[in-house]
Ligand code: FUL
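Below you will find one chain, with nothing else, as structure tokens; this is the form predicted on its own, and questions on how it binds or moves follow later.
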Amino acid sequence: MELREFLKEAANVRPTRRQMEWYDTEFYAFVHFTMPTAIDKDIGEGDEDEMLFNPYDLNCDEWVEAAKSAGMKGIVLTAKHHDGFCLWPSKYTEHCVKNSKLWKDGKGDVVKECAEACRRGGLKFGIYLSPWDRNAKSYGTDEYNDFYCNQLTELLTGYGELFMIWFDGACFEGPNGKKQVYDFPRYIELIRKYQPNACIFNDHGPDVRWCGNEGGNARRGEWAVVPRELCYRAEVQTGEGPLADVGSLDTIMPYDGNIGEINNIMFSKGLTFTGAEIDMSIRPSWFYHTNQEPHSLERLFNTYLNSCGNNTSFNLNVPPMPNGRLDKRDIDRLKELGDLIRDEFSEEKLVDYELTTTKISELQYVLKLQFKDWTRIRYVVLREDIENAGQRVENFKIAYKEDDEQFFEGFTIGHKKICKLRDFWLDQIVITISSARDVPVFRDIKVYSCPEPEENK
């Protein structure tokens, strides 16, 4: 296949409906809350007394309101972490809330309370179910996959519509000294059967893949169109393809590499649309510790710009305290973050413009945005029409005039690219698409102003 033909093919790999809904969700909460919360650790051993888990003041409505204050649109709950303790009364283990007799006499169900609170508050609900289980005696055997599928089925069928199923990639030896082989094709089949609209997150997708770190960092150019051998199942515009030969992202291509760039995809076995998620915690640890403070507003906001504004989603963990409530420091920081996002991207700051598009060559274009007046510009937000046309732009720059020195350079756009400028006074901007895989098709282009300095008023 010639390069031009291959580029056109790559440009037209498009997301599924559920992937588009995930992209448009953009920002949602992770809630790490289970046995490690009660024992003040980040990973449990799996042999903890179930009575230690006692969220006597559990308030999932508070979780929902805090998430909404930040502008989040969903919650993903750790229904089971690595220690194997289940937040719902599972029929397949005694290591669960039915033996937390101090809390509701063993009749509590955190998954149910969180799911219902999300529905009341208008948020989407998803679940995290760790494949690594330090309590299950069958871990490391073929029988464990039956056990895991039984628990997964309980969650898929008992708690209403789920927008995301989140798998952790941790895998270690079981009590018998054997490392567990996870039957991900079977897990995926169950999810497609019972929750066909739910996106599946895992290191290798199939719908959403890991960005490769827990520090809130996306790649320079984060492509959603990647080699199919990196993912569990190829998702293409015509539907679900056959199972892929799964490799490890960090051995096939380094996490800091640009895995969707042309030199990394042209020799692949095929392409799949599998976007990335940025996941990090509002605190240094995933589970709650009294002595930790939430990250600064600046860091969280910059992570938002580098995730939702860099063709990925942002899954921000907010860990409840052992009593089931959120720390006021985290509640306040979430509200600050939401207020800042709403203020920076408010409708009042949108700038009107007249758009002129000039074709330089088949894959190079100049977009001139002419404003009515000189305006202090802080952000330019670009969105490709990936649903109908795929991800196409490889490189672009923003300048005052076409031949001027650029003041922003970007490498991909995809679902959304937030270009932060330096509060320039401008009466126009020129966006030069210097490289694309096919004719660029935009969903929209928005320009946001910033307040005039007090001294100029």
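A residue's number is simply how far along the shown sequence it sits, counting from 1. None of the values given here were measured: they were computed from a predicted structure.
FYI, the form predicted in complex with the ligand isn't displayed, but the following is about it.
Chemist: With heavy atoms only and a cut-off of 4.5 Å, decide whether His82 touches the ligand in the predicted bound form.
Modeler: Residue-level check for His82: yes, a contact with the ligand.
Chemist: With the cut-off set at 4.5 Å between non-hydrogen atoms, does Tyr139 touch the ligand in the predicted bound form?
Modeler: No, Tyr139 stays farther than 4.5 Å from the ligand in the predicted bound form.
Chemist: Using the partner position in the predicted bound form, report whether Asp168 sits within 4.5 Å of the ligand, counting heavy atoms only.
Modeler: The answer is yes: Asp168 has a heavy atom within 4.5 Å of the ligand.
Chemist: Would Glu214 count as touching the ligand in the predicted bound form under a 4.5 Å heavy atom rule?
Modeler: Yes, Glu214 is a contact residue.
Chemist: Which of 422-430, 29-37, 398-406, 56-64 has heavy atoms within 4.5 Å of the ligand in the predicted bound form?
Modeler: It is 29-37 that comes within 4.5 Å of the partner.
Chemist: Look at the candidate spot formed by Tyr128, Asp279 and Trp286 and say whether the ligand comes within 4.5 Å of a heavy atom in all three of them in the predicted bound form.
Modeler: Heavy-atom distance to the ligand in the predicted bound form: all three under 4.5 Å.
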